[in-house]
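Just the one chain here, laid out as structure tokens, in the form predicted on its own.
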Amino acid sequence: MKLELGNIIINDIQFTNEGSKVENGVLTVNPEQIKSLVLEDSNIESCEVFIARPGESVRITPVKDVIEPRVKVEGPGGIFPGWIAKVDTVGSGRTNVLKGAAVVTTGKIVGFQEGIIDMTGPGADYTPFSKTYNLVVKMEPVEGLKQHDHEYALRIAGFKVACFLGELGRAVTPDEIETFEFDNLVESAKKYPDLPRVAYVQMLQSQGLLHDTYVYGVDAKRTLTTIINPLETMDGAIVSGNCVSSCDKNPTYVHLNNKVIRELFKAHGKTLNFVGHIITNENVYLADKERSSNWSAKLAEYLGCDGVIISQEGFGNPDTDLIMNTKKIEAKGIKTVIITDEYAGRDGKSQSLADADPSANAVVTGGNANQVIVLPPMETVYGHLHFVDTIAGGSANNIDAHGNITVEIQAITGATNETGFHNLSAR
């Protein structure tokens, strides 16, 4: 299976009164086209569109999702199968990517666990999306819309806008083409018989109550632990649908650019044999946790793994799933490395995870989400600033008389991402 990603490097976004287009590295957008597309949904009352560039004095909050614009130009399937495209299997052919651009959705908050993106200042150092050129789509729901309908409306609107922008790159010649190939188990074993066999176990947020992740349009909590081709993940098979703390939630952009998968491909055939991508869920009931972790261990053994990397999404309740996966896979004689973040208290002295086991002795941390930061005022805010005292990581009256906001870094989108989609760690 071979996937080509044709990266069209975007160096700016600009507005126009004419037709939207991509030309010479500039994404030119007619905001009225975006508004018309969004307002096709009768559940959305209003829509505003803004541009946020790296280095500008701009704050976006509360952030719902971040999505990379893409278009399928060759091969089966389409973008965001099960949501926008039909459910044909993706992961092969050519997908063009507006690399460096992102759609950021915001507006009235759905759940309290949403986040902040600062485009400059100290907060910008903690979010990878201060480096992207962001088309910000602020949407407000009709009065009385229920939470799940509100969540769905924002989610699907973001996907539609990303696909609209991606389509602008269909006929554009990419600046670079990345090629990824993934063999079946038999061919892989023949090619690299002497390299350690390594798989990736990715835990998908699926606790419900707006804590959801979707695989080909299906809520992950309704699925059994399974094997997916990593190229499918890179081509949009998995999308975000959750409101977990913004520091460690995986926006759709992160699923499309999963750092663990990319690093495993870099090492594939050199220091290891990347043999599979196992996706498992994070349910709330003990029987579901036992079932899912049993299957993770079973599939890791089935793939003949010598080692696995396990990443989680979220914290607290999912820490139990993380440790269950680790214990059971280690019990099969398979070495594990886990990627998590920590909630060690503002002084860093509390227990980092809600669960622990001696077998979890190889850990990569994304940092302490309880670390406190002071965010200075920005000249412009896209969204609603008054939610910053109620989002996860915020606190009552946390904006002082000068406009400074005191929050934990768990309020910053992507600050402690548990797939390594940033540069923060701890020592």
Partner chain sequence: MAKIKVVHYVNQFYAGIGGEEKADITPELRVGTVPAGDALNKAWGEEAEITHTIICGDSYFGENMDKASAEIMEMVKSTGADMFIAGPAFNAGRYGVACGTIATNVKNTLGIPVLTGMYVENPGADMYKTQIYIVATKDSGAGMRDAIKKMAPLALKLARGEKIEASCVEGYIPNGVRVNLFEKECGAARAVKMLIAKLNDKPFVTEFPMPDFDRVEPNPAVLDMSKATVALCTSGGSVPKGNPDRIESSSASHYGEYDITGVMSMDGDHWETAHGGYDPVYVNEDGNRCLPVDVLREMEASGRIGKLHNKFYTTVGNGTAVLSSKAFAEEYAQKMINDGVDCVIMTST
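Residue numbers count along the first chain shown, from 1. Here the structure is a predicted model, which means the values were calculated and not measured.
This protein has a second form, the form predicted in complex with the partner chain, left out of what is shown; the following refers to that one.
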Residue-level contact is defined here as any heavy atom of the residue lying within 4.5 Å of the partner chain in the model of the complex; does G121 satisfy this criterion? no
Classify L231 as contacting or not contacting the partner chain in the model of the complex by the rule of any non-hydrogen atom within 4.5 angstroms, answering yes or no. no
According to a 4.5 angstroms non-hydrogen atom cut-off, is G307 in contact with the partner chain in the model of the complex? yes
My question is simply whether D347 lines the interface with the partner chain in the model of the complex - judged by any non-hydrogen atom within 4.5 Å. yes
Answer among 336-344, 171-179, 139-147, 158-166 for heavy atoms within 4.5 Å of the partner chain in the model of the complex: the stretch 336-344
Within 4.5 Å of the partner chain in the model of the complex: all of L264, T365 and Q371, by heavy atom? yes
The partner chain: the contacting residue among N361, T28, S57, Q33 in the model of the complex [heavy atom, 4.5 Å]: N361
Position in contact with the partner chain when the complex is considered in the model of the complex, options Y126, F80, Y214, Y253, heavy atoms within 4.5 Å: Y126
Taking the partner chain in the model of the complex, which residues along 227-261 bring a heavy atom to within 4.5 Å of it? K259, V260
